Structure formats: C-alpha cells, structure tokens
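Before any questions on how it binds or moves, here is one chain, the form predicted on its own, in structure tokens.
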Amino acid sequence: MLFTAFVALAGCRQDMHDQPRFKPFARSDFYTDLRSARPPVEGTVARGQLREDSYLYTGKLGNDPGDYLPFPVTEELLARGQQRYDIYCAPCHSRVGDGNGVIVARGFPRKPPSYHIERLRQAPLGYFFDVITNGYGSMTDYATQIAPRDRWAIVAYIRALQLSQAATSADVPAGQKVPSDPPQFEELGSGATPPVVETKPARHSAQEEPK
C-alpha cells in the first residue's frame, strides 16, 4: 500500500507550478530591445477610454466651446454637481459663486471672478468644462481629480447658480407661482367676512388682582 502511494506521488510533476516566466523588468535576450515586459499592441485602447464622443471629453465643437450638455439635466445630476462643486469649487468661488470663498477670505491674492457677471453669464457651457479640465490663470486643472461626467454635472450646477441669482417671476412655471400680495377680504366674494379669531381674557398678575 505504501509502495503504491510512493509511486503515485513520484508521478506528480511541478511543471504546472513552476512554469517558465519572466520576473518584472527582467532582461530578455529573446526580444531585440532586451525587455521582457512588452508594451501594448500599437493602437490598443483600454476599455472605456476610446473617447468616441469628443464633445463629452473636451466641451468643444471643433475649436469652439459648445453650449449644451451631452446628456439630459436631471435632479440627480444637479445634486451630484452641487456635491462636487462644494468639494472642489466652493473653497475659492464660494457656495453661491460670487468669488468670495474661504480661500479668498484667508488672503488668496487673486479673487476668482463672480459667475454672475455678464461675461460669464453669457459664456457657453463648454467654456466652463474646458476651464475645469485645463485650468485658467491661477486656477489649476482638475482633469485628474474630477471625472468628465462629474465636470459636466458641475457645469450644470454653475448654470443653475447663475439662474437662481437672476431669476424673475417670469421664470416660474405658471402652476407654481405664488401671488405677491395676499387676497383681501373683498376679493373673496360678496358677503365674505374676516375669519373669527378666538382670544382668551388676559390674566392679571397677583399684584393686579383686586382686593
């Protein structure tokens, strides 16, 4: 029995465990450049990095910034944009986008321009995307820190900030408008009377109670 087990174990080979292989960055005489680590085949693109939609990654149509988002604006998108904006943008630009962020309050020498000036209110959406991607002036680029879709979410939120600071009653949908003046009693119809408000008699203090 022991002899049979010994023969069986002797037949096991380690070829599958000890396959020929190169150690990382080892020299190889097989290749003309003597490198064992081979570069990807020319033209190889990693999954998800083909970037077929150039506008999504540049914000430009040719050499000019576009003025639309590459996907629909939703409540979730604006919420994401607000979150990313508060993290990356608000320290300099402030929560309302007027350029008075905490960094400026602590002595940063160059105050960012307010998003609410006419030049930036008229700027196309692709302009903001390009600035976030490549930087502008003393502002560094955020291409590494912020993914392209999150950059667009921030752009959407910046536009929402601009609209919120300059909105008028005409921008409110008809079904959501609130009258600026409360209705008067005579407007409620003939015979209408003001609502009756019940009041309790005032209580006198101990000093004021009659003897």
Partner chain sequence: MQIFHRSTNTLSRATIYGAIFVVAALFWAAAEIQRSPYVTYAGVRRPQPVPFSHQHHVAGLGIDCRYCHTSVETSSFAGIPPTKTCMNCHAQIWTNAALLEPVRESYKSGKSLVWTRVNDLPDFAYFNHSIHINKGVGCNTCHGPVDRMPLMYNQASLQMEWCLECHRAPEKHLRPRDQVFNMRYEEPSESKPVEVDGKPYTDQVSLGTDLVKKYKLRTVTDITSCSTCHR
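Note that this is a predicted model, so its numbers are computed, not measured. Numbering follows the first chain given and starts at 1.
Below, we refer to the form predicted together with its partner chain, which is not included among the displayed structures.
Each of 17, 84 and 107 places at least one heavy atom within 4.5 Å of its partner chain in the model of the complex.
Shown alone here, residue 103 lies within 4.5 Å of its partner chain in the model of the complex, counting heavy atoms only.
In the model of the complex, residue 145 approaches its partner chain with a heavy atom inside 4.5 Å. Its partner chain in the model of the complex is not approached by residue 115, whose heavy atoms all lie more than 4.5 angstroms from it. Of the heavy atoms in residue 122, none are within 4.5 Å of its partner chain in the model of the complex. You can rule out all but one of 38-46, 53-61, 24-32, 158-166: in the model of the complex, only 24-32 has residues with a heavy atom within 4.5 Å of its partner chain.
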